[in-house]
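Below, in structure tokens: the form predicted alone, a single chain.
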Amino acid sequence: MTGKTTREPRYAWLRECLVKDIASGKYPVGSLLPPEFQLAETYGVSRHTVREATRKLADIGLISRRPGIGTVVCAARDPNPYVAGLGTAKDLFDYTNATRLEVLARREVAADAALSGLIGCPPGEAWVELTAFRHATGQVAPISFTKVYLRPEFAAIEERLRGNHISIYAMLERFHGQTIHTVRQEIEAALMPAQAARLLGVGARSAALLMRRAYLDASGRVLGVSDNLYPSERFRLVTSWSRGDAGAAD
């Protein structure tokens, strides 16, 4: 197969070719995309063009570059951004139950100054850190790069993060007898750090949304924290309020 003469950028043409070939099953979901040099030869383009086209596919979650593995086909069609409405506590719990975590790594850490500030714990305190992808239930492409911090007594939660599992919030209550009194959530604009970008297959320092949640008991003790980085193309946050929610304004 060779390229064609066109006024559109070569990478845009190649991107559409790859989208069609993935949708047709030429490159099935779960398979490895051919290496860069092979794609360049197959489609009659430069390796630079291949690099730019595949970067665009990674940005929307169609493929994912996995270090030491290769470029994995994650979805058979152009996925739409995941839309979450998080205006109430119920919305939050519904959202966490409609997504799942794919654990990539686990380690035991002692909180340094940075982690202590993030979690809100004394320096040196022991925590379990889980590195994970977050997926919308039923979807292959990850919507976020997530780090979860759990107290060591809740480390067994990791073993329950398989398949379409219930939320960590629900696991803390159901399996560890904890009552979640407060969920503290912070949202801010961010740039995707190199590690997360590499795993998600998006550009380093590309636009991202950082959403951090801390789960606290009635005494204010932090039981767990999740740090979620969403690529801008894969996630949309929608909230709405009616005037009656807070009464009439003066």
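Only a predicted model underlies this, so the values are computations on that prediction, with no experimental measurement involved. For the two forms, the rigid core is made up of the largest set of C-alpha atoms that agree within 1.5 Å on superposition. Heads up: residue numbers just count along the shown sequence, starting at 1.
The following text describes the form predicted in complex with the DNA, which does not appear among the structures shown.
Colleague: Give a yes or no on whether each residue among Gly44, Thr49 and Gly70 has a heavy atom within 4.5 Å of the DNA in the predicted bound form.
Modeller: Spot residues vs the DNA: full contact, yes.
Colleague: Of these, 220 to 228, 191 to 199, 204 to 212, 49 to 57, which stretch puts a heavy atom within 4.5 angstroms of the DNA in the predicted bound form?
Modeller: Within 4.5 Å of the partner lies stretch 49 to 57.
Colleague: Taking the DNA as it sits in the predicted bound form, is Pro9 near enough to touch it, meaning that at least one heavy atom pair lies within 4.5 angstroms?
Modeller: Yes, Pro9 lies within 4.5 Å of the DNA in the predicted bound form.
Colleague: Decide whether Pro35 counts as a contact residue for the DNA in the predicted bound form under a heavy atom distance cut-off of 4.5 Å.
Modeller: Contact with the DNA, yes.
Colleague: Quick one: does Arg66 come within 4.5 Å of the DNA in the predicted bound form, counting heavy atoms only?
Modeller: Looking in the predicted bound form, residue contacts with the DNA include Arg66, since a heavy atom lies within 4.5 Å.
Colleague: Cα of Arg234 displaced 2 Å or more between the shown form and the other one, core superposed?
Modeller: No; that C-alpha moves by less than 2 Å between the shown form and the other one.
Colleague: Given a core-based superposition, decide whether the C-alpha of Leu32 shifts by 2 Å or more between the shown form and the other one.
Modeller: It does shift by 2 Å or more.
Colleague: Relative to what we see here, could you say if Phe235 and Leu14 have their Cα atoms closer or farther apart in the predicted bound form, with a change of 3 Å or more?
Modeller: Here the pair is farther apart than in the predicted bound form; there, closer.
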